[in-house]
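First, one chain by itself in structure tokens, the form predicted alone.
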Amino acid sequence: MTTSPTPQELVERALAASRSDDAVVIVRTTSSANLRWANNTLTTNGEMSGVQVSVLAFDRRADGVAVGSVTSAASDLAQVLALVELADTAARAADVADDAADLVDGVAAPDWAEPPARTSIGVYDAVAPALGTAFGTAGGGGRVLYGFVDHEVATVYVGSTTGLRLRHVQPTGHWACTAKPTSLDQSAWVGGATRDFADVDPVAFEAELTRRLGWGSRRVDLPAGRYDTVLPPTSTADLMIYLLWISGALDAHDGQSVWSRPGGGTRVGEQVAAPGVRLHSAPAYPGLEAVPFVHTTASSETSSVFDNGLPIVPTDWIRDGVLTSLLTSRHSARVTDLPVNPAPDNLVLDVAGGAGTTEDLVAGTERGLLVTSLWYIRVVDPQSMLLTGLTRDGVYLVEGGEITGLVTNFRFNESPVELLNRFSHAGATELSFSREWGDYFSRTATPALRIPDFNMSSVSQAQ
């Protein structure tokens, strides 16, 4: 009986087989489990697992270093050795890299020898029966539910010819549910992120969806315009993730982003948001624990394959309203004369003095809107970070501090940078989940924000 090689064996054999001057091998094992439902009935469920191997070969020459990178699913030594051959060949054929640097040195981490972590359908042992209860309640009340839960546990192993042996286990879970009355004439959405589904209660989120559909018993047509608008933490996360993603130092240095200083350079050190605003990342942030080192298979404006294994440290992107950091690799840090700040996998927005919940901000609104989710967000103007997008599955009218009806969807045009200057009230920071980007970036904590004149640029007929 043959057994599959361990991730550590794949790494060591690949490093030993490489004929390039240096090599980095990244092995990522995943296991996942999901449930999907529609019309109050489970439709699919499944478990999946996989092993992905990336081999990065570095060919050193008199004029620099060339890199060959190959990534593929692989489970045995023959497949991995074939990847090594391809990477070595690609490195020899490549031009020298602009971001060339010494590889990161290191030693074996204490947990290097540990096996991959896994999940299974058993992660839903409590969720699945509760979903059945929620389906029954919804069906009895003339409502239908659509949604999914997904849980993945990824274990990444990074090894290099310079001695790095790093391992990280990352559980990632998220869920979302949309409810409609059987007439299908309105909808409401809720969603969230979780590490293990111990904190997900389908009965509770069905009750919240029922409450929101109840708000839609009265419909109000409103024209486009600027409205006092409450963004719950999920909508704030939609906008802050985009803000982080476009915060590359090279783009700013080259005059291509909102963080470009007129005449050249970046705006690091400038007041860009209201005092008290702090946007930051930290791999060990409670509830949002994320990978603490770089592992990348390709260089980009914000990352470099030469940085594999580099620590990701706690970073303030905006502190007390001042832009303090931009995304950099070691290469872009040298070009822009900024500190090295690799891209993180979590993001937190804090506002000094922020307190209370979305409901508290609604209670303080004389007349305005509550926007429960944003959708299809795209850049209109990178120089001002103007974004456009649509509201979806729940825009509600607020009158006298109470929600009094369902409003038509809108297209909006706003810049998250301007919003961080213009908000009038902020709630307490809480774990959140972006409707738009949560599938890719689920580790966020953000407050609800109240924006005095949020720009709803046109009415949307989307349902």
Partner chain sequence: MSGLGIDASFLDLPFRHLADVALGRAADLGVTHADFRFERVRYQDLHVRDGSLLGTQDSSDVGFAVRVVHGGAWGFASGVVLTEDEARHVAERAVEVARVAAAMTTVPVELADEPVYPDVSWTSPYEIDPLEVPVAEKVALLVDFTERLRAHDVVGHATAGLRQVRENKFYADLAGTRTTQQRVRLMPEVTAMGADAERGIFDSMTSIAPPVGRGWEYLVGRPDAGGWDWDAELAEMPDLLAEKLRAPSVEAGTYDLVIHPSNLWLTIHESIGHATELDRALGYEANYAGTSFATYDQLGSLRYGSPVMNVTGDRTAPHGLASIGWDDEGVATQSWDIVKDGVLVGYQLDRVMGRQKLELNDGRSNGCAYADSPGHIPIQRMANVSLQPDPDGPSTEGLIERVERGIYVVGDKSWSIDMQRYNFQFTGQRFYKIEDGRLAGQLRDVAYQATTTDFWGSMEAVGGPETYVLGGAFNCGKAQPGQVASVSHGCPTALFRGVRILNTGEEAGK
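This one's a predicted model, so the numbers in the text were calculated from it and none came from an experiment. Numbering follows the first chain given and starts at 1.
Keep in mind the form predicted together with the partner chain is missing from the figure; the text below concerns it.
Enquirer: Would you point out which of 102-110, 336-344, 253-261, 364-372 contains residues with a non-hydrogen atom within 4.5 Å of the partner chain in the model of the complex?
Expert: Heavy atoms within 4.5 Å of the partner chain in the model of the complex occur in 253-261.
Enquirer: In the model of the complex, which of the listed residues (V220, I121, V169, V322) lies with a heavy atom within 4.5 Å of the partner chain?
Expert: For this set of options, the contacting one is I121.
Enquirer: Pick from V398, L406, V65, V51: which residue has any heavy atom within 4.5 angstroms of the partner chain in the model of the complex?
Expert: Of V398, L406, V65, V51, the residue with a heavy atom within 4.5 Å of the partner chain in the model of the complex is V51.
Enquirer: H425 versus the partner chain, in the model of the complex: is there a non-hydrogen atom within 4.5 Å?
Expert: Looking in the model of the complex, residue contacts with the partner chain do not include H425, since no heavy atom lies within 4.5 Å.
Enquirer: Is the gap between A117 and the partner chain in the model of the complex 4.5 Å or less for some heavy atom pair?
Expert: Close contact is absent here: in the model of the complex, A117 is far from the partner chain, nothing within 4.5 Å, heavy atoms only.
Enquirer: Applying a 4.5 Å heavy atom distance criterion, does D439 contact the partner chain in the model of the complex?
Expert: Taking the distances in the model of the complex, the answer for D439 is yes, it comes within 4.5 Å of the partner chain.
Enquirer: At 4.5 Å between heavy atoms, is G216 in contact with the partner chain in the model of the complex?
Expert: Taking the distances in the model of the complex, the answer for G216 is no, it never comes within 4.5 Å of the partner chain.
Enquirer: Pull the contact list for 92-118: residues with a heavy atom within 4.5 Å of the partner chain in the model of the complex, in sequence order.
Expert: Counting only heavy atoms within 4.5 Å of the partner chain in the model of the complex, the contacting residues of 92-118 are A93, D95, D98.
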